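Given as structure tokens, the chain that follows is alone and in the form predicted on its own.
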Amino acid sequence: MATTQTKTAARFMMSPAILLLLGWMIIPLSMTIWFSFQRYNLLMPGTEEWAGWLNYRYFLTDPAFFSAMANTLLLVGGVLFVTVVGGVLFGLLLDQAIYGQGIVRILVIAPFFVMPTVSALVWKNMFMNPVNGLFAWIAKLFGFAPFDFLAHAPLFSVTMIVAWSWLPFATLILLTALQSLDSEQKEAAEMDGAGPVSVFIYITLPHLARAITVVVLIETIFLLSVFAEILVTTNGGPGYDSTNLTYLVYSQALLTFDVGGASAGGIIAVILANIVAVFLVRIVGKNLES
């Protein structure tokens, strides 16, 4: 049992790392908050002045903000739907005794280790290219005109690319939950005359509820800041059709050089992300307690 002296010594030894971590987070956040109240443009150095809440008002009333918010919600919702449904289906498949099960599991999980930039480039050039892409070749094979996904369905394309990257994560979590399910429950239900659909709805799916909640929580936190896939594939276009909140802040800072407005947008994004995170954490807590 730890004594007061050992606890004090442990805190003393941990304090440098904690202070370094706090400084690493607090200093950039403090600078962002400071710049958000400044009229600061990189093209006009030395002309900085206090702007108050003006940057926040301009950002929140910009039509691009509402478009970016809608795209962010659609992107997060679409990826969650694909990954949760696909993760359940892949988990059920990989939970069966099949030949080469270990190799299949590795292949299914492998996309999660591919960097977002690399996966976006692969999808853009090898699959969705309207001239030389795989989808264009398949369309021509059946006599159809190739479809330019990134030009005519940019948000859908980005959603599929991001979902492909996150599907292995959901599959791994849900497969682990499936393997913890007591087989005696399923056998008892089958002996009572329950079919596969009834077993899935009344036994398997309730057992997966906690794992699905964890997947939704973790993925949502990361999906709110999707950036690389949009930058590599669509650059937020055409128009603002695939611009999410993160990309809007980037374009404000490094394309229009409005550091003050971009800092205000960044703070708004942080506040919204924390609201969503707190809400989801409470849901997870209630789900785990039940």
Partner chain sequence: MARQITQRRKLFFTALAWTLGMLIFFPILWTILTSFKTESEAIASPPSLFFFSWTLENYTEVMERSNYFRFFMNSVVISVGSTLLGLLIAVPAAWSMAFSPSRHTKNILMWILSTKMLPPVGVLVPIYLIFRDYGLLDTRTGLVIVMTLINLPIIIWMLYTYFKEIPGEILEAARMDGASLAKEIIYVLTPMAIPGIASTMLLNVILAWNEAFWTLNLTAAKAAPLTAFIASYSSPEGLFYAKLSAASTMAIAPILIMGWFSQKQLVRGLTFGAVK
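Bear in mind that the values here come from a model prediction, so they are computed numbers and not experimental data. Just so we're on the same page, rigid core means the largest C-alpha set that superposes within 1.5 Å between forms. Numbering follows the first chain given and starts at 1.
One more form of this protein, predicted together with its partner chain, exists but is not displayed; see below.
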Please state whether all three residues T32, F35 and I106 have a non-hydrogen atom within 4.5 angstroms of its partner chain in the model of the complex.
yes
Among A194, A139, L155, V114, which has any heavy atom within 4.5 Å of its partner chain in the model of the complex?
V114
Going by heavy atom distances of 4.5 angstroms or less, which of L60, M69, L54, L231 would be at the interface with its partner chain in the model of the complex?
L231
Is T176 close to its partner chain in the model of the complex, meaning a heavy atom pair under 4.5 Å apart or at it?
yes
F149: heavy atom within 4.5 Å of its partner chain in the model of the complex?
no
Is there a heavy atom of T256 no more than 4.5 Å from a heavy atom of its partner chain in the model of the complex?
no
Is there any non-hydrogen atom of F200 lying within 4.5 Å of its partner chain in the model of the complex?
no
Taking its partner chain in the model of the complex, which residues of 110 to 131 have any heavy atom within 4.5 Å of it?
A110, P111, F112, F113, V114, M115, P116, T117, V118, L121, V122, W123, K124, N125, M126, F127, N129
C-alpha of D148: shift of 2 angstroms or more between this form and the one not shown, rigid core aligned?
no
Would you say R105 moves between this form and the one not shown, meaning its CA shifts by 2 Å or more once the core is fitted?
no
Residue shift check between this form and the one not shown, rigid core fit, L280 Cα at least 2 Å
yes
